[in-house]
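Next up: a single chain in structure tokens, the form predicted alone.
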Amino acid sequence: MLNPGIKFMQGSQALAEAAITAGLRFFAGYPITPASEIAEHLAKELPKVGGIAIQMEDEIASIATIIGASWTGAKVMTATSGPGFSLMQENIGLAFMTETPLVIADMQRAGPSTGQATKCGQGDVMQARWGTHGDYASITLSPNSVQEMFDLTIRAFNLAEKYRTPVILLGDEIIAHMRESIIIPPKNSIEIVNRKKPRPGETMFFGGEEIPPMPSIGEGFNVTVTGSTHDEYGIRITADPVGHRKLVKRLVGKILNNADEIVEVEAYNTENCKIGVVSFGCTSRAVYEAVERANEKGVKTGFIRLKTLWPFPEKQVKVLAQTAKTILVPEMNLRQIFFEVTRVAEGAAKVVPLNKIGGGEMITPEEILAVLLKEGA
């Protein structure tokens, strides 16, 4: 664990160090570009704090293993990229259904399939929301700097523990591999959240309250953990429509009902702009310069950067849509967040896409500025 102070670090290393700081004690993963450095760093550093890092035979085994480890009381994580994230989806559904706190770090690359393994992409946005089957609500965070790889990793663990749910840290190749100076705060200034534990005699671990307590194996509680529809006690009720609706509505509700607390954005000039920009991840870094230059040229411009992708920041985007006449959505995919912005804007503002995929080519400040000046003319 790093001492406080200013450090010069790679994004993947910052993520790994933050996970240890947040309490990670069990990691299981499989090597994959551009996330392998996370596993490599944890294999070296996690044993120093009494933790375990293990390389599994594949990504399916990795996610299954951390689900089991979480039920022993450990804080757990796996790290992967798009193809591995795809393989994990069935067991991610198991984690949602069993309300198992865990963190999945997905460092995106160009896809589909093997795609371009060493090149950046932002194409896993919808997969992070809808990748597994059935009705559920995911929490997905999006860092745009090495500092935020540290900060949002700790937040991911805190949200997973507080809401008893998987949390996805959706980074990308650029942020994972870049190196920047970051500030490691004193340990006593970092908020660390731990899951709610049951009191002696409690038996309802899957209901009874919005976020029920979670026992650990070996603590003396008799609990059934199943991916099938179950009642408050974990007992399977696979033919009861009322029980199924009650369970799944609570699983979705515990996230959406607390969206105001979960959602986090960076906003600038959103209540006094003619043109707005909604961006996330590595692409958002180009927005800062483009917005500054647009304002210098007399085009009133503001932006919202999505630190939280899911639940989608509807309130913040709606405010922007009521102010700006046009909203630009730059992203390194083919319009994944664009359609969410369009849905929320409800015709109040014109929504314009700016997309680029393949070869690791970034969307530049100049490309964003050109659209801002055109729309602001």
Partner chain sequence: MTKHVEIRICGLGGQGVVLAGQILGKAAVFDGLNVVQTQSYGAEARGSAAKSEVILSDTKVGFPMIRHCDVLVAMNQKSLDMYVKDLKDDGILIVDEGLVEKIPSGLKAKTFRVAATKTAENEFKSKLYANMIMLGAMTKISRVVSIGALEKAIAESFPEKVKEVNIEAFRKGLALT
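Nothing here was measured: the structure is a model prediction, and the numbers come from that model. Positions refer to the first chain, counted from 1.
The protein also exists as the form predicted together with the partner chain; that form is not presented, and the subsequent description refers to it.
- Only one of 247-255, 160-168, 108-116, 177-185 lies within 4.5 Å of the partner chain in the predicted complex by heavy atoms, and it is 177-185.
- For the options 262, 286, 214, 273, the one in contact with the partner chain in the predicted complex, meaning a heavy atom within 4.5 Å, is 286.
- This chain is drawn without the partner chain; in the predicted complex, the residue among 363, 369, 20, 357 with a heavy atom within 4.5 Å of it is 363.
- Contact check for residue 1: every heavy atom lies farther than 4.5 Å from the partner chain in the predicted complex.
- The shortest heavy atom separation between residue 293 and the partner chain in the predicted complex is within 4.5 Å.
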